[in-house]
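We give structure tokens for two forms of one protein chain below, kept apart as structure 1 and structure 2.
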Structure 1
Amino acid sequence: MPNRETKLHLLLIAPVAICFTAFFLIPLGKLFLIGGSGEFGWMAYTAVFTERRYVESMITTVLLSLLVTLVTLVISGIAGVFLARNQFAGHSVLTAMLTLPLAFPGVVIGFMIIMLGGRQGLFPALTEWVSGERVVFAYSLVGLFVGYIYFSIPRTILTVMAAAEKLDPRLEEAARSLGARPLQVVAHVVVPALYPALLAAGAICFATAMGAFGTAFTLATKINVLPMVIYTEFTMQANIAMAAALSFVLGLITWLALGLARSLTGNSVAAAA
């Protein structure tokens, strides 16, 4: 018979288990079954990796997400360490501005990229004034990349700042006293200390970029990224089974990325963040 403490633990975990089952396990299982119920049957899951259109969209989405993650980590790493170690006039305002995009949905960010690099945007007007030719990038992979960077930085910079505040400056002083150059100090002291936070934030950044729909919907008129392919299959092609299969595979990839980051960092993520 379970003791009183065990019963209490079961009682406390029951709401979480019910919500997890109702809002995750059951819908995910249903999605998996729908993916195998279409014209191709269970071969729909192999079509994701064999049909040219789906393969190209998968490769584009993964490569774009990886590039966004890498650039975001570099920018957030430099800015996060700087902001964590330096206090100056306007520090809180700058930090607030860097994290402001957290309040914006993807569609709003997409419209901001259009205002920046769309046909009537600021950047095309500037390039026309300089070179006589309007350079429009909002509706290309470049525009999507800029949009993803914009909403990814706030999600990583706070984690980096929190981890950087816990770095022991004596380690860097010791490395300098032993003759290490500034880049060597960064490479061998700062980056390894920030590694758990960077890896965890990078995994979240990658997963977010993989599944971002609002920004892609606003900008990706001619870009074959996976969220837009799923939307097209579901709404325009009425191919619900294929859309479900693509959605399941997309979720699986992001889950694997998060799981890998968790396994590599372990409990040190919490300490770093």
Structure 2
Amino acid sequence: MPNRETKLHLLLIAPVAICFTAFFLIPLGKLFLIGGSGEFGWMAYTAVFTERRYVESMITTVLLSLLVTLVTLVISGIAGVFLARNQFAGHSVLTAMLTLPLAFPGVVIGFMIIMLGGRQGLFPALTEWVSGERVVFAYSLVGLFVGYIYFSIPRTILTVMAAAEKLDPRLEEAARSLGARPLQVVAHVVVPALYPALLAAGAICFATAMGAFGTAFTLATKINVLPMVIYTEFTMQANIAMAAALSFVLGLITWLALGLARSLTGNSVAAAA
């Protein structure tokens, strides 16, 4: 029977259902239709795999995101396990410093990279002092790469630390009692135990790098990553159909990556830049 409790639950969920439908599902449906109404028709949804300039951008974005994920995992894996395993004076300060940029928005990350590698940045000043030549990296793919790493490290370190703290130290002791050397312990015990957490953190890392926009926007509008292409299509070319189609494809990729992360951890998934 549709009892009182069911009615109550329907009443409680109704506001969200109405708002979400009116402001998200229906607009998104309309956008999907618009995506198929441009010069390519419904082929717009496959254009990202067939049209040269989109293919190039897609390859650039995917490769960049994969590289960012890999480098972030290595850096955060080492630092995270180190912090989880060792107590020393200043430990909490160091942890706080490493997690400070958590949830900095993309534009601010972009500015941080300008501070490091921009025309008046730290790195060019250093290289000038060492070799007499100013090496400016901020306004290019390298800058974007550094920016995404900057963004991804805090969250990944937190994930790794949480997983490493749950890891039973007796497993490592057992491995050592069986004669394993430190590197073997890491390879045979620590990394396999952290594997789900690393994979989940990596998936989030990848998804955010794919969809991030603010950093690229701040560094330079000519960086050819997919979110920038979508923005340009919309604002410069006024090609809403193509922008819509590309966003759906990009959304599908990030959604799959985040879904993978969630199925691995059952945890809430972090913000996009």
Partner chain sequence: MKRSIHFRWLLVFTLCVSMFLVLPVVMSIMAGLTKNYFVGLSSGLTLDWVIKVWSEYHRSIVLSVGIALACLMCTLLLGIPAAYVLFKRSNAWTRTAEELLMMPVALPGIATALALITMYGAVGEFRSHWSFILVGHVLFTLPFMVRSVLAVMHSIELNILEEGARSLGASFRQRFFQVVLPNCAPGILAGSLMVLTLSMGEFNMTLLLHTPFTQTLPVGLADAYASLRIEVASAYTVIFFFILIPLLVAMQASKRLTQSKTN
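Bear in mind that the values here come from a model prediction, so they are computed numbers and not experimental data. Counting starts at 1 with the first residue of structure 1 and goes up one by one along its sequence. Under this definition, the rigid core comprises the largest set of C-alpha atoms superposing within 1.5 Å between the forms.
Only structure 2 is derived from the form predicted together with its partner chain. Residue displacement note: Gly29 has its CA displaced by at least 2 Å between structures 1 and 2 (rigid core superposed).
For Ala17, the Cα shift between structures 1 and 2 is 5.9 Å when the rigid core is held fixed in the overlay. Taking the core as the reference frame, the CA atom of Gly259 shifts 3.2 angstrom between structures 1 and 2.
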